[in-house]
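Single chain ahead, written as structure tokens, the form predicted alone.
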Amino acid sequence: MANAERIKTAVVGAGLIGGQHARAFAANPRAELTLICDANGERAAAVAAEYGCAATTSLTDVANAAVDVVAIATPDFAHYEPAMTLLAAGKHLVIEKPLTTKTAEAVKIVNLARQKNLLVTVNLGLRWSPQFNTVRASLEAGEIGAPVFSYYRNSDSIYVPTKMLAWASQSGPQWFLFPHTMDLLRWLIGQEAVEVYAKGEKRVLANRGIDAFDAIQAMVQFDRSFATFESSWIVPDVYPAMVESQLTINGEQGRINVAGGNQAFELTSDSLGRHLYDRPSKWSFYQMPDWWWGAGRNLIDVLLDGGELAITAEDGLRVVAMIEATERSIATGKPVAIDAML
């Protein structure tokens, strides 16, 4: 494939995120977007028409298509079957986070990709953030010394599980948000998780008929430090931003703090009676920044130029194991070793 001029691509799942995968492929001069697949034929056709490519409702059509790379952007819980089908058909994959929602399934994806000599990357967009690359450079330069303990909170407005996601009961803040934070911190500090002890609560969303955690706190022991990860899906809808985020890394000689939430938009409105940093309706049109789609670009560059993936299927597997260990710890009330999940 090193002699190919452009890599033919397809997208499975044409919702908000799948549509942006399509946009990223279409904008990449080294890629050619050829096919959009979605169970909703009208949605697939609409995205395909926007980018001038074919549409289908059949995963078999994607498996049989003359494409090299497929982005899987189905809901959190629905990555495994298309991944296994497309790997069996010889496709390289970009899989939305999380890789899967079961460690055993993630292991099977990793093993099949190895057997077929195929590349699988996971769309963990925060790794491509200029802000967090600055944090990593600071840590690598030893500016705060060796990490000792960290705290990472990343939560969503209750709008997300109640209005944005029709499948919220099949996910939760652990699968929707922890993939980003857990992967990012393990990458920043260069350490792997060893053990997880977690607590979670189901009350507010359960009362609304949504079987998902309201909030989770997970204390994770890494190789040479520890961290608390916090995530919630019940931030009040009147909070001025849809996403609330804060990362603090404390080292032997200093600390790094990154506060998030301001989405580069600020509105103070008497008619709304609110001060906003973003708007819930933004998800009907919001586009993630171009750097967010670095995993797909990186996969195409590796196929054309050689080299190693920046984010591997094994990275995705480690994160899935951390999250499933979190769920097991909540259920048992005991710490769970990561090795026990793998």
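Predicted model, so just to flag it, every value in this text is computed and none were measured. Position 1 is the first residue in the sequence shown; the rest follow in order.
The form predicted together with a small molecule exists for this protein as well; it is not shown, and the discussion that follows is about that form.
- In the model of the complex, none of the heavy atoms of residue 51 sits within 4.5 Å of a heavy atom of the small molecule.
- The small molecule in the model of the complex is not approached by residue 27, whose heavy atoms all lie more than 4.5 angstroms from it.
- Taking the partner from elsewhere, residue 123 is found to have a heavy atom lying within 4.5 Å of the small molecule in the model of the complex.
- At least one heavy atom of residue 39 is located within 4.5 Å of the small molecule in the model of the complex.
- Judged by heavy atoms within 4.5 Å of the small molecule in the model of the complex, the contact stretch among the candidates 266-274, 163-171, 127-135, 110-118 is 163-171.
- Though the small molecule is absent from this view, in the model of the complex it lies within 4.5 Å of a heavy atom of just one residue from 247, 220, 83, 73, which is 73.
- Taken together, the three residues 12, 17 and 180 all lie with some non-hydrogen atom within 4.5 angstroms of the small molecule in the model of the complex.
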